[in-house]
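We begin with a single chain expressed as structure tokens, specifically the form predicted alone.
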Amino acid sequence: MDFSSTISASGLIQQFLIGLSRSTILFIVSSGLSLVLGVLRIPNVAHGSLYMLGAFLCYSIATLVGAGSTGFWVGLALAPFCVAFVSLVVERALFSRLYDREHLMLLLFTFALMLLCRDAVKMIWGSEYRSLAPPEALQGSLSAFGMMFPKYNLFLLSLGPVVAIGLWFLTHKTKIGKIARAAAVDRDMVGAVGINVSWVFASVFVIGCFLAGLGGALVAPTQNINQGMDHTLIMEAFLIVIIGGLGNVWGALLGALIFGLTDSMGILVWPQFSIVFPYAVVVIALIFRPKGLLKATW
């Protein structure tokens, strides 16, 4: 099929930009999941629910504060910390008692948390769809090279490298990051030298959940906020972690770029079957690199 007559250069570039913006959200959420999975060895199925909770909290805080753009920025600043606080309570009250259990039990436990979170969201916010407008400074588009680029998408693109560099610095250059990497390899030895491994795990879990909440808050102005927004996201996040390399920040970024861009380009080229493109790429990547595109760091 010849697509040259139906796809313009401007449409291709704009769709590419949309794909990059979605890749940023996927990376932020997936990097948090990779961190938790790499250190705690917990397949946290509830990670997507925390992403959804971040979106709803950002909406509620922005609506409560009001005052134009101020509400959004306050919501963006507070929602991830609210999600992190909830995750800390859950980790200290429940997760910390289950680290020595089998992985299947941990998986079932996170699945139960996902269901509880979904019911809690329904009780608090109802089942109606919500929407949140971006701040005035990020509304509209910028004109460049004869094309229009949405300001909010450009804002998202600027955050991706910042988060990637920040996570790399945290895991490789800070004391807590080095201890977490050591605990991922041999938690018993880390505990034997007098380090409280339990609080190391709690810190890693909270940071990972903070990133899930941040991703939810950032995505709020780009789509409807609803109860089902966690389903597809968590499946995509797990695939990105797998193809990128467990615990590898740059692998998560590469996986998110591959997934987001193939999905976006698929919509442009063959919209009826666009959902197939990113999963086909994942299958091909796993055939040739079953351990991930980049080396696992944990």
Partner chain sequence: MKKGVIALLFVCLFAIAGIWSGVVYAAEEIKVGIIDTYSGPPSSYALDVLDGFKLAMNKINAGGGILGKRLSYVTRDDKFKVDLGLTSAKELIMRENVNLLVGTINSAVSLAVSDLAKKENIPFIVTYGKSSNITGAKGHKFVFSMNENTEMIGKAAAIGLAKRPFVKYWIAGDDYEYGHAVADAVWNHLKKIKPDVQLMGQSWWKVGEPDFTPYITSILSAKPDAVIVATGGAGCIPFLKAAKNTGFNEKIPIYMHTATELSTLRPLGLDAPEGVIGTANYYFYYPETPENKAFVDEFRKAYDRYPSFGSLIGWCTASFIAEAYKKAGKVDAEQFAAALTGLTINSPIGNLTVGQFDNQLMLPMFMGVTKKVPGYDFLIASDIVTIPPNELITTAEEIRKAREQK
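Numbering follows the first chain given and starts at 1. We call the rigid core whatever largest set of C-alpha positions still superposes within 1.5 Å between the two forms. From a predicted model like this one, the values you see are computed outputs, not experimental measurements.
Form predicted in complex with the partner chain: not shown, discussed below.
- Taking T174, S131, S158, N196 one by one, only a single residue has any non-hydrogen atom within 4.5 Å of the partner chain in the model of the complex, and it is S131.
- In the model of the complex, P150 approaches the partner chain with a heavy atom inside 4.5 Å.
- Although the partner is absent here, P271 is a contact residue: one of its heavy atoms lies within 4.5 angstroms of the partner chain in the model of the complex.
- In the model of the complex, the partner chain sits within 4.5 Å of a heavy atom of P221.
- Under a 4.5 angstroms non-hydrogen atom cutoff, the partner chain in the model of the complex has T232 among its neighbouring residues.
- Along 14-38, a non-hydrogen atom within 4.5 Å of the partner chain in the model of the complex is carried by Q14, Q15, I18, R22, in order along the sequence.
- When the rigid core is held fixed, the Cα atom of Y279 travels less than 2 angstroms between the shown form and the other one.
- With the core held fixed, the Cα of I25 is displaced between the shown form and the other one by less than 2 Å.
- Here G38 does not count as shifted, since its C-alpha moves by less than 2 Å between the shown form and the other one after the core is aligned.
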